[in-house]
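The chain below stands alone and is given in structure tokens; this is the form predicted on its own.
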Amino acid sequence: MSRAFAKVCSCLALAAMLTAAAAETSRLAPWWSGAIVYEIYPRSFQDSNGDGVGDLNGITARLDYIKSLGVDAIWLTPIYPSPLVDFGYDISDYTAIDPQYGTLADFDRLVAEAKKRNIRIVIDLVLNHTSDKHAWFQESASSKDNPKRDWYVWRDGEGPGKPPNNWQSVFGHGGWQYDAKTGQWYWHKFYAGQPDLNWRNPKVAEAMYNVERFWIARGVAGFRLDAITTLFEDPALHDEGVVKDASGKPVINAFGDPQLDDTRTNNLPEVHDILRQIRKVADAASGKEAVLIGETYVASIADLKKMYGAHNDELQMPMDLQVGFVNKLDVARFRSLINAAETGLGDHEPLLVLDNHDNPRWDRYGDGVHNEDIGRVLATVILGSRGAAMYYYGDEIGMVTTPPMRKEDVRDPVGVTGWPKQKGRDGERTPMQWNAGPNAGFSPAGVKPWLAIPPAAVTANVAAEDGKPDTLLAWYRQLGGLRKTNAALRDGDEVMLNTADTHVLAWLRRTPAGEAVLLACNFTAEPQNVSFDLNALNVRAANVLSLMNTPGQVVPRSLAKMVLKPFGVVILQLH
């Protein structure tokens, strides 16, 4: 037997062993452990009926593509009937599908077809507010003595024409809306068309628990809980504090309002009581198979830990929205936040998030020269770290944020209200780029999509990258595959390495059985020399097997000396 052939056999045996170990561990863990969650904004993924708007049947038609990414679950942003004040986050019926997206039968088919591919469907559940067109609010607003009056937060003003206090809407200006018919004000943390529900009323809670039961019975694998920290507000209506700068002057936000500290309307302790009940209902309805993902913008890893519950009885997957939103390639900051997630959550598993429909895409990190390699760095951080991972449709082909250039082209109300300082969220919601043809393959030729197709679609599209080994799409697919077949990458713990290095982010993933993978990412536009001494960690590294490398990266032969190209990545199996 030749030495080269023996080495190939050894590598194949190692791969088989790691695959078997990963499969056994995965069999014992809940399905969401180590999962890849792929966020889809349904309006923008695939238009199947030629109306310029994406729909459920369009998503179903693309399930094989999604499967190729190694995705375990799809998170759909709202698909309920809505007047579209906030493009679906203002819900007028929680147990139906908006006709522009399809029907309940179309939804059932999507769930069934996804299940055939071992992909689960998670849907958005908006609990903080409804649409002002929802039947509940219509009744509530009809009179002060209507049985549903207390389903929402109604209060008297401080005086004629004066709201109850200084609370503001997230989307700019005052958060109270006056109702001339009943002479009171209702609270809206978001738009005036999104009145806040009163979660202190048990009837509201039970109505929402029934919504949970309805969708679980239709086969959903769980819920992403929108704005979940905002369910409660101070019942005494105390004013919120004004944030001041170092000189003592009020900080002015992007809407021209004084910035408030948000302490009376966000992350109140009562939220945890409701989360325990939501979890209890989901567990009972699904046999503990449904996952709860939280939109959890919190101040620290300690606050994030609380969202799991003191007895692991709240969210299974609160989003860690700190790591992916550093917004600059700062090695020290990334290392600190990843290490905090690894060491500060106890036995809980983090859910790392790169971007989403409310924030600029990954290219906010780009330098205009090395963007594709920077995209590989970011994908490696999110998909190569311990825990579950979430990314946004189109990241895998390098779709970039493309905001409208003129106010008249803005669709998002945030941009309408805040222009020109706030251009809104249209830039990260543009249609998926499938090919270089008309409308990038999103809508048929001759149809005007709901948002314009970015010019970059000519080169950054699925057809152009499919089957080519050096593309960003290939990188995402390979990472997705490794997370399923490599025991260390899927289930191993994590240790940060070279903690004094300010240029290279490096970490080790390893299992108790001794399988180990080293990942190293150059965060700079200059080549970096780096070496690793793993003796102190009891890692056997007699052989180094390259699993993945940035295109053009020289494969390192040892850990004692390697050179990472600008924004280069290496992923090495140590054995």
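When you see a residue number, it is the position in the sequence shown, counting from 1. The model shown is predicted, which means the values in this text are computed figures rather than measured ones.
Only in words, not in the display: the form predicted together with 1-deoxynojirimycin (NOJ), which the text now covers.
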*Heavy atom within 4.5 Å of 1-deoxynojirimycin (NOJ) in the predicted complex - the one residue of E240, D226, D106, E494 that qualifies*: D226
_Contact residue in the predicted complex, chosen from H188, R425, R490, R335 - any heavy atom within 4.5 Å of 1-deoxynojirimycin (NOJ)_ = R425
*Using a 4.5 Å heavy atom cut-off, indicate which stretch of 462-470, 340-348, 353-361, 93-101 touches 1-deoxynojirimycin (NOJ) in the predicted complex.*
353-361
_1-deoxynojirimycin (NOJ) contact in the predicted complex: D86, any heavy atom under 4.5 Å_ = yes
*Considering only heavy atoms, tell me if D132 and 1-deoxynojirimycin (NOJ) come within 4.5 Å of each other in the predicted complex.*
no
*asked:* Quick check on R429: any heavy atom within 4.5 Å of 1-deoxynojirimycin (NOJ) in the predicted complex?
replied: yes
*Taking heavy atoms only, is S140 within 4.5 angstroms of 1-deoxynojirimycin (NOJ) in the predicted complex?*
no
*Contact test, all of F171, Q194 and E295, partner 1-deoxynojirimycin (NOJ) in the predicted complex, heavy atom 4.5 Å*: yes
